[in-house]
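Just the one chain here, the form predicted alone, laid out as structure tokens.
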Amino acid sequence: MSVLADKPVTIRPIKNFIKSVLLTLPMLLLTLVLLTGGAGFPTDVLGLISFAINYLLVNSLFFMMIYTGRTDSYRAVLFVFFAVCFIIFFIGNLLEVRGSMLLSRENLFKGETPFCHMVIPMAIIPAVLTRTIIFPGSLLNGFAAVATMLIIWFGASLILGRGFCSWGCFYGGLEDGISRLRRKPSRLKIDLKWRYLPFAVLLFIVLTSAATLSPTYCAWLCPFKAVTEFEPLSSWPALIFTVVFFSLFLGLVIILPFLTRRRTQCGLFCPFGAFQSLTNKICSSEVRIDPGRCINCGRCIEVCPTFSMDRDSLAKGKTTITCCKCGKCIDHCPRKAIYYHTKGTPLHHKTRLLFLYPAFLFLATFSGGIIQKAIHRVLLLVTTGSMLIG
């Protein structure tokens, strides 16, 4: 009897492993095509090594996501690594193009500023009124051209909604990583009412951008200027703005995420996050809660990084509009009462794979080129003493 009883225990992991391998095969093929861009493998040794590391990392994480049933744990590894690689790649790119991280008026006039998705909500009204994009970047050419970024953002929003903030936003990856450095949160508690502040910031920057025909968030308030590009400290206003950028970065991206284990910049300040929350209404995926299985333990409320769960949302069986679909609440629910759901299907019909394939594929391909080039730069630094290409 004991031998017969042990068989299912032995067979189940094997079946799960084989199933996970089969489900990973499509991702192996898709990422191979998309990461090579249809142009074949890199011809130089360092480029080939960089591609191999990136390809193996991406698909290993997807396999583990399928095999273990845990989404956030493995998504976060790639998401945070992407954010770190973005900084390495972006700064290296600026040093090659400009010679420094400083943004001069000459750079603005030449349209040499990579287009940032943060600008999108600020650009809508001026684009309608003046038929121009209020950003000093190239429409079609160069890294992060305006048209390219708009197409990527639009497609991702239809599929992911605010999931863009957990499966594509390289800025969000920084504070996501910082928020995981501490085992337990401090006693500092943040009232959930503060989660509505980003909508006020969104309204402010949309109106001021329309009035001044300039991206005011980028010019006045963006914390990530601290790790990307900023104006020369040649005037008092420039000095003041730089102090603001670094203070916001230190407080919202470093200190508060570390203390609270939450993404405070994303959840309490970011206007783009508020704007993306509105796209949750039109995208095809959502996160639902099964009231029949939920025991109201509050674990999901405690771990949600963007303050998108509360008692009211539990009672309604769904997250609030600000949910970024990271999967952390799903991973931590002791009763498996929370799940990914595709709109238009029966409520208790779990569609994790339908969400996971496009979400992970977007993260893998959107981050792939940047991760590969960042690894290449690090290998160059190790072998030549310089991270600059050419």
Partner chain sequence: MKGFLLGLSNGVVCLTYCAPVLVPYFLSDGKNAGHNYKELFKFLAGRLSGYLLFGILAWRAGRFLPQNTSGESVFFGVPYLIFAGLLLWYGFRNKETRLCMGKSLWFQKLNQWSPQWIAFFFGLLTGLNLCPPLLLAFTDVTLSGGDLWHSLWFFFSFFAGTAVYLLPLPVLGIFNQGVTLKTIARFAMGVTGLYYGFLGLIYLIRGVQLR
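Positions refer to the first chain, counted from 1. Please read all numbers here as calculations on a predicted model, not as lab measurements.
There is also a form predicted together with the partner chain; it is not shown, and the following applies to it.
Only one segment in the set 311-319, 82-90, 191-199, 282-290 has any non-hydrogen atom within 4.5 angstroms of the partner chain in the predicted bound form, and it is 191-199. Using a 4.5 angstroms limit between non-hydrogen atoms, Phe154 is distant from the partner chain in the predicted bound form. Although the partner is absent here, Leu181 is not a contact residue: none of its heavy atoms lies within 4.5 angstroms of the partner chain in the predicted bound form. Using a 4.5 angstroms limit between non-hydrogen atoms, Thr216 touches the partner chain in the predicted bound form. For the chain shown alone, Ile295 is not a contact residue for the partner chain in the predicted bound form, no non-hydrogen atom being within 4.5 angstroms. None of Leu259, Val77, Val244, Ala226 but one reaches within 4.5 angstroms of the partner chain in the predicted bound form through a heavy atom, and that residue is Val244.
When you look in the predicted bound form, the only residue of Leu203, Leu150, Leu250, Leu233 with a non-hydrogen atom within 4.5 Å of the partner chain is Leu203. No residue in the set Leu28, Leu29 and Phe41 has a non-hydrogen atom no more than 4.5 Å from the partner chain in the predicted bound form. With contact defined as any non-hydrogen atom lying within 4.5 angstroms of the partner chain in the predicted bound form, the contacting residues in 201-220 are Val201, Leu203, Phe204, Leu207, Thr208, Ala210, Ala211, Thr212, Thr216, Trp220, given in sequence order.
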